[in-house]
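Quick heads-up: it's one chain on its own, the form predicted on its own, in structure tokens.
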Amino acid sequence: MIAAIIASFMAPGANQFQYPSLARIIFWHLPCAIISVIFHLRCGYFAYKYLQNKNDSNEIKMSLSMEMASLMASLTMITGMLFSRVQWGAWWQWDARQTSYLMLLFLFTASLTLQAGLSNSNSRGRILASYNIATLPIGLFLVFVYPRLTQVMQNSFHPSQTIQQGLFDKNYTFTLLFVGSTIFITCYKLFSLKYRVLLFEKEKEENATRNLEPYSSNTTSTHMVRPVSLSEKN
């Protein structure tokens, strides 16, 4: 990660912007946006797998994928607002790309809120999986379809044409790939580490419950000690 930070500062400034040095924020803004979509797709995939077999591991992967998607989407929004404040003079421009991504972030936040609110519910996994599958097409529309509508692109401040037409300088392209790969590898390692921890805790909880079952099922055993009255002599 340190190497990625150094590489992003070594890239030259983009002279077409009002503050060329701040254009380097694209090395973090764009990868976070792409990675958030990747984890959103993974969330939908594991949600579908969970509805098929009700496997606990798929439920954990679904929840973690949404957490990572929300984290990356939040970083995308923060870096985008910083760029907007410096280059366009305001934190929020009501730009179509800003607004559509904010709506995507609301979908992620609603999923996390639902996940937290159903922590003790037996139907938690089914409800979460259904929600994540239902909102996946909406999220993909907000990311891939709406921003590319002709009227939206004409009225947008967002420099999407530079990205879509491959007008990056070769130094920017290399740095973007390097920083983006570093962020993705870091996110995937965090995902894998937390998955192993949560899976271990789940298995430990299930083992503890299984060990208590014989004691709870034998409460009416014929070997139960009953009170016996004694005479005064005894």
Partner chain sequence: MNVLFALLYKEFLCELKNKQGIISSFLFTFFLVFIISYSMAHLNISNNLVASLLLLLILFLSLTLMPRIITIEKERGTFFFLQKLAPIENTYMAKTAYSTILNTISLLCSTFAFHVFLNSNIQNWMYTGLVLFLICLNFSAVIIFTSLISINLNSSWIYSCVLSLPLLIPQIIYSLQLLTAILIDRYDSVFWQNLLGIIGFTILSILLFPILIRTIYRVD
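Model, not experiment: these values are computed from the prediction. Numbering follows the first chain given and starts at 1.
From this point on, the text means the form predicted together with the partner chain, which you will not see here.
None of the heavy atoms of Phe83 is located within 4.5 Å of the partner chain in the predicted bound form.
A residue is said to contact a partner when one of its heavy atoms sits within 4.5 Å of a partner heavy atom; Ser74 fails this definition for the partner chain in the predicted bound form, lying far away. Contact annotation for Lys54: at least one heavy atom lies within 4.5 Å of the partner chain in the predicted bound form.
The closest heavy atom approach of Gln93 to the partner chain in the predicted bound form falls outside 4.5 Å.
When contacts are defined as a non-hydrogen atom within 4.5 Å, all of Thr113, Leu118 and Tyr131 contact the partner chain in the predicted bound form. Scanning 77-108 for heavy atoms within 4.5 Å of the partner chain in the predicted bound form gives Met103, Phe106, Leu107 in sequence order.
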